[in-house]
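Given next, in structure tokens, is a single chain: the form predicted alone.
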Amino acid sequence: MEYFKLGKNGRIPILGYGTWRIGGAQEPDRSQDDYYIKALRKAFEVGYTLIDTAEYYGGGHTEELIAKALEGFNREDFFITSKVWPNHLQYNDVLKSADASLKRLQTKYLDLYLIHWPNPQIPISETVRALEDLVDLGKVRYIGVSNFNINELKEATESVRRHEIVANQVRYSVLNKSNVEPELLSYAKQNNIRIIAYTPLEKGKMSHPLLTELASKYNKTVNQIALNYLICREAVPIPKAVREEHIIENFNAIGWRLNPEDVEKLSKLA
């Protein structure tokens, strides 16, 4: 696995594994547990070490499946991210949510804990204070946000007192980048904030002649070109895949880079 710098002194894998709808959407769905555990274990065996989840996913069941899939692996080899839902952003609720996620994941700490969505009814400063206290308690290593626009991100960064906001997870792909490039991406780089890109493959709808052309040029797949573009932008894509061939295909988006001229061409796609 390759790594990007995280914050001032940390590091994060440059490619992650997304888990939305593994074990249910908003509510638990246990009907395919064995299938999903097998998919997760395959991803870990292939080499994914960054796992992205949230208390909202499967009503918490996704975190439980991750814990089961991690049995037999070394926890220290993994970078686990979870997120607190916007109706749990008051100080005490953040602490309770973190403890609940830790219990479901059967781990003593989270590598990264994010505010899943902003909640204008609760001051960001209150939530950030809870996140910082979780770091001080040793329950969380790094803190960040998700789905924050640039103004919300600025407010969050201005709210920290002892630690740093190291990440903003947003929807971002080569075909859907206007909410990120250039302003949000530029601000994030200037402030040591890593952009983590969810839905980086647009749910399998990566179709564009330039992507096809570059796939042929580099002897890669369209999806690999799309993921590598984000990596070249120093963002961390977290695609979800449950079929073995897709798990392996996505993983092979690392270990090489598009040349700067092709990155520039892709940056102009609407």
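Since the structure is predicted, the reported quantities are computational estimates derived from the model, not experimental observations. In this text, residue numbers run from 1 along the sequence as written.
What comes next is about the form predicted together with a small molecule, which is not displayed.
*Asks:* In the model of the complex, which of the stretches 113-121, 130-138, 69-77, 91-99 has residues with heavy atoms within 4.5 Å of the small molecule?
*Replies:* Within 4.5 Å of the partner lies stretch 113-121.
*Asks:* Is residue 52 near the small molecule? Define near as a heavy atom within 4.5 Å, in the model of the complex.
*Replies:* Although the small molecule is absent here, residue 52 would touch it in the model of the complex, with heavy atoms inside 4.5 Å.
*Asks:* Residue 107: heavy atom within 4.5 Å of the small molecule in the model of the complex?
*Replies:* Because no heavy atom of residue 107 falls inside 4.5 Å of the small molecule in the model of the complex, the answer is no.
*Asks:* Considering only heavy atoms, tell me if residue 187 and the small molecule come within 4.5 Å of each other in the model of the complex.
*Replies:* Judged by the heavy-atom cut-off of 4.5 Å, residue 187 is well away from the small molecule in the model of the complex.
*Asks:* Considering non-hydrogen atoms and a 4.5 Å limit, does the small molecule approach residue 157 in the model of the complex?
*Replies:* So residue 157 does not count as contacting the small molecule.
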